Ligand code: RB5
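One chain comes next, on its own, written as structure tokens: the form predicted alone.
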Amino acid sequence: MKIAIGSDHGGFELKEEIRAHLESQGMEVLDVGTNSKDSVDYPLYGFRVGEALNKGQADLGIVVCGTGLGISMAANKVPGIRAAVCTETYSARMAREHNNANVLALGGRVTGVGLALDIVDIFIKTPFAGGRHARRVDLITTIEKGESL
């Protein structure tokens, strides 16, 4: 599995911890930046991760900013991206299982490393359940295309 990962300055340190964790598990990581704690604009990195998924360069994505909120909003503007901010493991499981989320958003200033790595592991390992949930995800796609429900 290949994971695209990106962050702004507020999420840089946690991104680096996550990248090392994934690589230690033998996963391939596409790091789209940022590469320091110097101030940058989070929408750029949310967009880069979303585009990597759409181009088939990664299977799932992880984005990190100070809270996970801003960068998730940016990632969710990329067609086909369903980014979910997760602050605990249950939401990470449900985001994948019920919502088929393809990008995990975390807050580097609000989530400790140990919890963040647990969230990442559950997000990556949980499959989409399909069934009635697929119908709901299809409705999200319909909205995304600007069509009426």
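Residues carry their position along the shown sequence, with the first being 1. The model shown is predicted, which means the values in this text are computed figures rather than measured ones.
Another form exists, predicted in complex with the ligand; not displayed. Remarks below refer to it.
The stretch among 117 to 125, 60 to 68, 25 to 33, 81 to 89 whose residues place heavy atoms within 4.5 Å of the ligand in the predicted bound form is 60 to 68. At the 4.5 Å threshold, heavy atoms of residue 45 stay clear of the ligand in the predicted bound form, well away from it.
Using a 4.5 angstroms limit between non-hydrogen atoms, residue 9 touches the ligand in the predicted bound form.
When contacts are judged by a 4.5 Å heavy atom cut-off, residue 109 counts as touching the ligand in the predicted bound form.
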